[in-house]
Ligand SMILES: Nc1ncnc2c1ncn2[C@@H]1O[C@H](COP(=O)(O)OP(=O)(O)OP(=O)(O)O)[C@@H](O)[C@H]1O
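Encoded as C-alpha cells, the following chain is the form predicted alone, with no partner shown.
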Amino acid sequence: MKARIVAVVNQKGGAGKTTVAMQLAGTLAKQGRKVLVVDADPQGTASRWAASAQDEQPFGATVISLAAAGGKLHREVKKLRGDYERIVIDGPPAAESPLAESALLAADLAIVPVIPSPLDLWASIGIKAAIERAGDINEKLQAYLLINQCQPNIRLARDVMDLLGEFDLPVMRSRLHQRTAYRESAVFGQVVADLGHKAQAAIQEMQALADEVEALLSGEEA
C-alpha cells in the first residue's frame, strides 16, 4: 500500500481550504479507504475539527499535525505513505510558506479552493506561482481549481470566469455550494454524511468531489 497524496492549498484564508480537506478525507474514509489528514496549517483548524468529534462517532480519518515540519513536510509525509491509502494535506493559508511549497512537493494532486468573487480570486492568483515552482521538481503533480461556496441558483458571472482563466489551471467539474451543513458538521467533528437526509445536497456534492478526485488519482477521466 502506497498512499496517493492530495494537497489542499490556497494563499489566502477563508476560501474553505480546511472544510474541503476534512470533508474530502472523511468522505473517502466512509468509502472504506484508510485515510490520513496532515494538518499543515499552524492555526491547527483540522486538528481541532477532529478533536470535536464525539466518542461514539469519531472522525473517520486519522488526523495529525505536521505544521512544525516546515520545509521538510514532504519528507515526513512520504514516511507515512506505506501506512495509508490516501493522505490529504490541509496546507497553510500562504503560498510563499515553506509548508505550502513542501506540501506541493509531496502531492500527486493539488486542489485550490476558490470563492467565485473577483476580490477573492485576485487574492488567490499567487498560488499559481507556487504550483509552478513545485511542478518543476515534482513532475507528477496535477493541480486543479475547485469552485467553493457558490451561491445556490446563481450562475458564475463573466468577469469571474475571465479571472479563473488567469490561473491557467483546469477547473474541476465538481462545485461546492454555500450550505449550512458544511458548518454544522464541522462543529461536531463530523462530515456532511453524518447529518443524514437533511444534508442530502451537500452529501451529493462531496460524493461527486470524492469520485472526481479518485478518477484523477487513478489517471482516468472523471
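One-based numbering along the sequence shown. Since this is a predicted model, take the numbers as computed values, not measurements.
Separately, the form predicted in complex with the named molecule exists; it is not shown, and the next lines address it.
Quiz prompt | Interface segment, criterion being heavy atoms within 4.5 Å of the named molecule in the model of the complex, picked from 179-187, 193-201, 163-171, 25-33 | solution = Among the listed stretches, the partner-contacting one is 179-187.
Quiz item: Is there a non-hydrogen atom of Gly126 within 4.5 angstroms of a non-hydrogen atom of the named molecule in the model of the complex?
Solution: No.
Quiz item: Quick one: is Thr62 in contact with the named molecule in the model of the complex, heavy atoms, 4.5 Å cut-off?
Solution: No, Thr62 stays farther than 4.5 Å from the named molecule in the model of the complex.
Self-check item: is_contact(Ser47, the named molecule) in the model of the complex, heavy atom dist at most 4.5 Å
Solution: No, Ser47 stays farther than 4.5 Å from the named molecule in the model of the complex.
Quiz item: Though only this chain appears here, would Asn148 touch the named molecule in the model of the complex if you measure heavy atom gaps against 4.5 Å?
Solution: Heavy-atom contact with the named molecule at 4.5 Å: present for Asn148.
Self-check item: Residues within 4.5 Å of the named molecule in the model of the complex, restricted to 10-47 and counted by heavy atom
Solution: Lys12, Gly13, Gly14, Ala15, Gly16, Lys17, Thr18, Thr19, Asp41, Gln43 sit within 4.5 Å of the partner.
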